[in-house]
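The chain that follows stands alone, in the form predicted on its own, written as structure tokens.
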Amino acid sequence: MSASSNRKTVQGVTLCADPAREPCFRVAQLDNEMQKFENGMSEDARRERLHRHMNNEMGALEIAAQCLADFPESPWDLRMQLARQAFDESRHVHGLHQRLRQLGGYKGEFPIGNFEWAVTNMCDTLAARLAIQNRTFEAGQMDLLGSLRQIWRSVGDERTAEVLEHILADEINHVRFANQWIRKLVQADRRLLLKVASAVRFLADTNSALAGETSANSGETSAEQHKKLGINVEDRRHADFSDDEINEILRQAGMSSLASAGAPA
């Protein structure tokens, strides 16, 4: 049975029901149910960042695996990329959990949310899921990691910065193969363009209805994060975004001057 056959309703929006989690986890449905700290890099806040990121990486693993289960007739090379992604995400979860424990934290210490899973699995085509999960959520994560590693270094945590750098290297490939395969799939069936466009609109409408879900690593909305931390232009180019696409992302993030100048973030 497809994950999208199970539903939940949040703020009047129909979403895919949460994936299974151990009883120790408290699952939040709205951003205001997540834990926040005035000092975003206090000891408690650092553990919460890792804990939240750990669950998001688990969600990314589950989304990739669900794509394999739901679309068995997809091209073999694409299925191999999704399988490799699932393996990468499992390493990310392990590395973040290990670092969380080293800092005195534990799984279930803070609330978790499954927003990416809930939205992505409402899509009924693989192209649309790749557009939402890899091209949107993981690309956004790629932007944040480009700056967050330096923030962790600024508080003297070189080990966590290294963990994030390893994750970033994998995310670039996840976004790249999604960009490339979306183009191939759409070229083979132009009707998929409507599916992708509808998925992107559904994500925007859901964000609006839920008053802005947070990113994997902070209590701020994604738009606030991008304005504060910037767009990871160099790695977006490595991930096969065109310059026109990058400039549009800069404009949407309120960085029109950078887009006009063609300057890196």
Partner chain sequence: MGLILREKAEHLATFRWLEVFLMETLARWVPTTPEMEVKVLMGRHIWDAAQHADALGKRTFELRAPMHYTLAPLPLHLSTMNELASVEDTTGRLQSVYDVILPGLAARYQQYLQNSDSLLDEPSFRVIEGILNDYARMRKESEEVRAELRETLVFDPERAERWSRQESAISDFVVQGSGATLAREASA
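Numbering follows the first chain given and starts at 1. Quick caveat, the model's predicted, so the values are computed rather than measured.
One more form of this protein should be noted, the form predicted in complex with the partner chain, which is absent from this view; the next part is about it.
Each of 19, 61 and 69 is positioned with at least one heavy atom within 4.5 Å of the partner chain in the model of the complex.
Here the chain stands by itself, but in the model of the complex one stretch of 125-133, 88-96, 150-158, 179-187, 88-96, has heavy atoms within 4.5 Å of the partner chain. Between the options 80, 103, 169, 194, the residue in contact with the partner chain in the model of the complex by a heavy atom within 4.5 angstroms is 80.
Think of it this way: in the model of the complex, the partner chain has a heavy atom of just one of 65, 200, 30, 41 within 4.5 Å, and the residue is 65. Though the partner is left out of this view, residue 137 does not reach within 4.5 Å of the partner chain in the model of the complex, counting heavy atoms only. Remark: residue 117 counts among the residues lining the partner chain in the model of the complex, judged by a heavy atom distance of 4.5 Å or less. Taking the partner from the other structure, the partner chain in the model of the complex has a heavy atom within 4.5 Å of a heavy atom of residue 54.
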